[in-house]
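Heads up, the chain below is alone and in the form predicted on its own; it's given as structure tokens.
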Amino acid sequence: MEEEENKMAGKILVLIEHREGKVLDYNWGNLGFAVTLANKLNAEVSAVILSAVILAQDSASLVQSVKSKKINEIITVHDPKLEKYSPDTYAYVMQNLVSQGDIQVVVAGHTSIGWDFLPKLAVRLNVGLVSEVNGVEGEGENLIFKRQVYNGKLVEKVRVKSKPYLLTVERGGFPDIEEGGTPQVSNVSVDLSQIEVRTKIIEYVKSEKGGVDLTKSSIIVSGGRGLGKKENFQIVKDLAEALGGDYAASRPVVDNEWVERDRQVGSSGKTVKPKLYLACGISGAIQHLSGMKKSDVIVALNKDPDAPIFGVATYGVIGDLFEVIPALIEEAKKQGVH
């Protein structure tokens, strides 16, 4: 009887997105979410890596990157048609994997790939799909998935009756998967010879040289309209440099062309989760909060004591940023922060 209770109830498949032979960082949060889900379902977690050739050096590197994570299994599928992403091939492969075992959940990042192929898979399997999940509650068959709607103004709770559950996960929405695992590696053969590839990636266009990936930053100093004009934004850059971090901005600042677009944080920009997020002169519109509220520590600097940003801040400073920021820069230099 005890053995029956401890028996794992199926698997959770997590698609691992990769580019140029490297696993993209947000996969670790997706795997972290899958482990949380696995504990609620008493299931196993399997990372799925799709690539072109089994002996390719980048394929071995991808497996090695995931092999230290605390999951149960790594499933690899190799085929020349998987050299470049296509929703047709990805949906077909994942459907094939679902048909081969007791699959409870299929997880992908809420990215251009996840939101592209998962709806196609949902149609193939005739099941529901919940997008941009950032929370889960309940146990077993009573799971409820949470997601933000209306730019984060409301939290929608969704219960899905059909299985497997298909979910895309909010970037930065969950803690990274822990190290210290020893997953087994299984290579699964899927015949793609008859698949008609109607959509495929032609090329990836990289950010301009000198651009920054804010999703990887551990310290971010962000500026808003409270800075007044473009010339004043330099003070935010100076503080970011003094702290050894990166500078960012709210949407109005970017729209006014004070800084580059790849520095925008919010629902229409980047979703970030640094160790420290310093918001300077940002009132805290819901669109901005949705992109940074899961930062480990948030420090808000604003002269308006009623600014919504204080509602999510770990620490709040009510004052003139043109007096406070120079003092912070001076102190950072004294302390030798950077």
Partner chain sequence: MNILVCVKAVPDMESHFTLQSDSLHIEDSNLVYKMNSFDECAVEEALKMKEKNGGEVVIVSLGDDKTVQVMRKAFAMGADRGVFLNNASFKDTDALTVAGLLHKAVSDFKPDLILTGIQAEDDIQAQVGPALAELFGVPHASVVVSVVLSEDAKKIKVKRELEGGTLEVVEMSLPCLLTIQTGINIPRYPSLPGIMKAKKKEIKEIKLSESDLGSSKVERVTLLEPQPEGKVEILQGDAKSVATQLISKLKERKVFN
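Rigid core: the largest C-alpha set superposing within 1.5 Å between the two forms. Nothing here was measured: the structure is a model prediction, and the numbers come from that model. Residue numbers count along the first chain shown, from 1.
The discussion below concerns the form predicted together with its partner chain, not included here.
K.L.:
Name the stretch: of 260-268, 72-80, 183-191, 98-106, exactly one has residues whose heavy atoms fall within 4.5 Å of its partner chain in the model of the complex.
P.N.:
Looking at the other structure, the answer is 260-268.
K.L.:
Using a 4.5 angstroms cut-off on non-hydrogen atoms, would K273 count as touching its partner chain in the model of the complex?
P.N.:
Contact check for K273: no, nothing within 4.5 Å of its partner chain in the model of the complex.
K.L.:
Considering only heavy atoms, tell me if T36 and its partner chain come within 4.5 Å of each other in the model of the complex.
P.N.:
Flag for T36 set to no.
K.L.:
I'd like to know whether V130 contacts its partner chain in the model of the complex, with contact meaning heavy atoms within 4.5 angstroms.
P.N.:
Taking the distances in the model of the complex, the answer for V130 is yes, it comes within 4.5 Å of its partner chain.
K.L.:
Taking any heavy atom pair closer than or equal to 4.5 Å as contact, tell me whether W28 reaches its partner chain in the model of the complex.
P.N.:
No, no contact at 4.5 Å.
K.L.:
Quick one: core overlaid, is S268 moving 2 Å or more at the Cα between the shown form and the other one?
P.N.:
Yes, shifts by 2 Å or more.
K.L.:
With a threshold of 2 Å on the C-alpha, tell me if K69 counts as moved between the shown form and the other one once the core is superposed.
P.N.:
No; K69 is a residue whose C-alpha shifts by less than 2 Å between the shown form and the other one when the cores are overlaid.
K.L.:
Core aligned, does the CA of L321 move at least 2 Å between the shown form and the other one?
P.N.:
Moves: yes, 2 Å or greater.
K.L.:
Relative to what we see here, could you say if I286 and D116 have their Cα atoms closer or farther apart in the model of the complex, with a change of 3 Å or more?
P.N.:
Distance between the C-alphas of I286 and D116: shorter in the model of the complex, by 3 Å or more.
K.L.:
Compare the CA separation of N27 and D246 in the model of the complex with the one in the displayed structure, and answer closer or farther (the difference is at least 3 Å).
P.N.:
Between the C-alphas of D246 and N27, the gap widens in the model of the complex (3 Å or more compared with this form).
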